[in-house]
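Only one chain is given next, in structure tokens, and it is the form predicted on its own.
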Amino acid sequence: MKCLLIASESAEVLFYWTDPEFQQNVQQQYGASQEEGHELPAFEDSISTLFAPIIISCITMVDRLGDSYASFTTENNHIYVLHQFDECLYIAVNGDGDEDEDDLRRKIYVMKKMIEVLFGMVTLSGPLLRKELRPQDTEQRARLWKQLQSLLETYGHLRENDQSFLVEAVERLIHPTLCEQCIEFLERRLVQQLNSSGERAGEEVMHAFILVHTKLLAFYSSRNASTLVTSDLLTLIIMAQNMYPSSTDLEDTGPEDAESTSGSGPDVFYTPEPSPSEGDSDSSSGSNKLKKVNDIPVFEFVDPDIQMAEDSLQTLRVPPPDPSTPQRVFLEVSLKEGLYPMMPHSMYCLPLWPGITLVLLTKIPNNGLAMSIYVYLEAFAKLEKRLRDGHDGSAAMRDLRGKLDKFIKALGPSDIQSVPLLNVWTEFKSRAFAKGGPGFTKDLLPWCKNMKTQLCGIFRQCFLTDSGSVDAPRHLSPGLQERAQTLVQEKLMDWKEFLLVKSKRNITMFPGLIHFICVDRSTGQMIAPSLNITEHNTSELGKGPVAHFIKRKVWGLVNTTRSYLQKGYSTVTLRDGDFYFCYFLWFENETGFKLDAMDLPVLPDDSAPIGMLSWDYYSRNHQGEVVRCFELLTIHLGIIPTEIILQHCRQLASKLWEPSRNPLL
């Protein structure tokens, strides 16, 4: 019984996701109220009717009181969590007890993050974002919603089963020699060859990394590239897993089946033939069909109702995207000039073998235009704030006036969006700078909003729509992508089986230490023993019920420590039956010197969830210097003496992040 809904202030559904139980419950509820002989309403209409009173009451409270409820629980113990971002209201629901308020709030923030990565600065304009999330074309809307629903389901699966998404940090594959070789290969062979090719259509590879399932084997950034922040990298891993999910069957394959799953042979897929056309009715009846498999006639019985259902599904099925076409993503870029969020990149996800993927991130040619748009959007946002607070904002806008005039002129009259932008900017200047105009008062607020909408419209046209020439290449050619894929496959050919096994047995353990998770929040990376809960694979914790029991303990402990972090505690120790849990959060300066304990803020219950995907909770400054933040979580047997437990914790904290252990540092 789970649901996530995004709605506009007018109660229009912009996106929804439900699990089968919630969907069945809604259909039964509205099916029972239908008069006999009438068709059931479309599910989108039903869910809109269901949530309309909640949406309207929430918007009314904001208008009348300036505040609204953040969550509530119904009589049947359904939990509703609500959060409004600008003009979009997010509602997450759980009715089966699997999720609490913090889980639902985290799901809302992760959904918002994925929408920002997919739509960029268009998310800064409510009217434009509504159009993007709910296209008028029903097929396009179905394709978009299916993509977002699939991403949300992929995230949910990873958070329930993958430790890196539990703590929201990237897990590294520990093998120093191979990591060094791969990083050197990515730098000297792959990236240099791609960036020097004439088939790259003006794009430049900025980042290249290799994933083994969700673990990071090697990561390389070009010298002029910005650091890829943890929240963006985690989102990209979700997208890569969504495109090429790790198959449970492949993960459970034993060594004797390695040849059949190594990817050495071609992939063969069976596609059913379409149902017979009218012209074929003379040679085959509606319920019987003669098929040929390898030129051998096979007589097959097909139920007419089943065949009709299959044909209907074929009509409704959304065609998959072209694998050679990259995914446009919008990522944070930090340069010496400043911080630029949601800058456009192209993401190429190239499968090497099942479970091993190469990801390339390229900077597109007109990236400078996006940076300029963000500068002007930020300027108008600051002006809005100053005007609302009753302050004068004329000085900053006078400095920006000439630059914006040149920017609009450089767009040229051929750009469709430049004309309305010029008209709004002309009206803005006449009101703000003219002698007889109202000047910089609150009357200028609607025109600030109009300017932001027009700037976001320019961004949308340049980076979200196919506005270029059809004949002109706009991304790395398919041939160049194939060569990149082949290069990395040749490099890792002798390692692929080892890597798939290594991804499940990653760390050795101390005696009496059952499990640990160590996180360097400065780099957004974590190290932990593997947790495999299937009967076929054995991890450091064994297999099957034992590992499943420990997994539940780990997930519960992480949730417990977050609740204490929210209250301002940085150290937690507690006993739970036969187990002893420890959690430590501490800070070091850049030289590795441990700093005195800092006072952590006490956060309200409805604050953004602690982690990295919602916001960077762990970023701190200490007396003007940047500090590094670490977390360590351990589970020991309860019979181990306390002094031994603390000794293990100190050894883990000092040894795991030594640069010699892994060159990714």
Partner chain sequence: MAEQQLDLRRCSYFFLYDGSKVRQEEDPTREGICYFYPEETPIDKQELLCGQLAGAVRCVSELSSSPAHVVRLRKNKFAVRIKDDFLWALGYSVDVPTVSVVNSWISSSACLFLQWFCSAKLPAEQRDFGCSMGSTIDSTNVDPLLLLKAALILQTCQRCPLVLAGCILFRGRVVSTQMTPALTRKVMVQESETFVKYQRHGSASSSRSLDEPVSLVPVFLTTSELLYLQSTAADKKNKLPIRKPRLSRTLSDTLSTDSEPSDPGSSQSSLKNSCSPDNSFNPAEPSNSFLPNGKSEEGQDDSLYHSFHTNDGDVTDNSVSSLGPEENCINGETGGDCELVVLDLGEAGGGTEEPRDGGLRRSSDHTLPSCGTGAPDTQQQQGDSLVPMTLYLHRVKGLVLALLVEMRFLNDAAAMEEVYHSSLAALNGLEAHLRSVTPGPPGAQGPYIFAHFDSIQSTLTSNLSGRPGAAHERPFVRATSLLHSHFCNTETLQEAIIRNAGAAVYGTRSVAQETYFIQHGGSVRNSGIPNHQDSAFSLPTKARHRLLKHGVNLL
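For clarity, a rigid core is taken as the largest C-alpha set superposing within 1.5 Å between two forms. Predicted model, so just to flag it, every value in this text is computed and none were measured. Numbering follows the first chain given and starts at 1.
The same protein has a further form, the form predicted in complex with its partner chain, not shown here; the description that follows concerns it.
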>> If the cut-off is 4.5 angstroms on heavy atoms, which of these, E187, E101, D162, E132, is the one near its partner chain in the model of the complex?
In response: E101
> So which of I635, V627, I54, I610 gets a non-hydrogen atom within 4.5 Å of its partner chain in the model of the complex?
Replying inline: I54
> Looking in the model of the complex, any heavy atom of L82 within 4.5 Å of its partner chain?
Replying inline: yes
>> Against its partner chain in the model of the complex, would F407 count as a contact residue? Criterion: heavy atoms within 4.5 Å.
In response: no
>> Taking its partner chain as it sits in the model of the complex, is V13 in contact with it (heavy atom to heavy atom, 4.5 Å or less)?
In response: no
> Does the 4.5 Å heavy atom contact test between Y69 and its partner chain in the model of the complex come out positive?
Replying inline: yes
> Of the listed stretches (120-128, 558-566, 192-200, 482-490), which one has a non-hydrogen atom within 4.5 Å of its partner chain in the model of the complex?
Replying inline: 558-566
> Though the partner is not shown here, which residues of 591-620 have a heavy atom within 4.5 Å of its partner chain in the model of the complex?
Replying inline: K594, L595, D596, A597, M598, D599, V602, D605, D606
> Honestly, after the rigid core fit, is Q24 moving at least 2 Å at Cα between the shown form and the other one?
Replying inline: no
